[in-house]
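This document opens with one chain alone, in structure tokens, the form predicted on its own.
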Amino acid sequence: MKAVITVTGKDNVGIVAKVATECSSMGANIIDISQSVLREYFAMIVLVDIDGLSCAFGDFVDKMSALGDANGLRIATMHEDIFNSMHRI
């Protein structure tokens, strides 16, 4: 199973490292990552494999959101099934 994580906010040093570290600490493996900086604004989309999570998916979502709150970012995590359903024509 996979999840899509979006990260937006003001650019600063270490955003990618913090997100990757938090994912790794809970057993989520980064499969693909795309990031962009537009002047002072940061945007990133991360696709992670969540088969090896060491916690419940809801806890993973909450911890990623808390990471964003602690760093002045908006971090949203969505299970791939929900993401695919939202984007199905």
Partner chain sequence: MLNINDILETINMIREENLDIRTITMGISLIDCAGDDINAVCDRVYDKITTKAARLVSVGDDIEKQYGIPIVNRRVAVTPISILGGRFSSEDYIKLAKTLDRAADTLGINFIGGYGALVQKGCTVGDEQLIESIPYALAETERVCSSINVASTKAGINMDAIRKMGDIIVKTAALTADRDSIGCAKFVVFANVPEDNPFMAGAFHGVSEPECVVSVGVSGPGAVASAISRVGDCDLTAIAETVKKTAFKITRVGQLVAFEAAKRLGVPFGIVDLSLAPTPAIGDSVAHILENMGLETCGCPGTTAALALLNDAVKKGGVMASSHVGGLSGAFIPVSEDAGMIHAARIGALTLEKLEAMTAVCSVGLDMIAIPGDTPAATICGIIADEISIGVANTKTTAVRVIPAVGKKVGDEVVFGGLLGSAPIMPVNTYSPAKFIARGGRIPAPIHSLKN
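The model shown is predicted, which means the values in this text are computed figures rather than measured ones. Positions refer to the first chain, counted from 1.
From this point on, the text means the form predicted in complex with its partner chain, which you will not see here.
Although its partner chain is omitted here, in the model of the complex all of Thr8, Asp62 and Met86 have a heavy atom within 4.5 Å of it. Looking at Glu22, you'd find every heavy atom of it more than 4.5 angstroms from its partner chain in the model of the complex. None of the heavy atoms of Gly52 is located within 4.5 Å of its partner chain in the model of the complex. By the criterion of a heavy atom within 4.5 Å, Asp32 is counted among the residues contacting its partner chain in the model of the complex. Interface membership of His79, defined by any non-hydrogen atom within 4.5 Å of its partner chain in the model of the complex, is confirmed.
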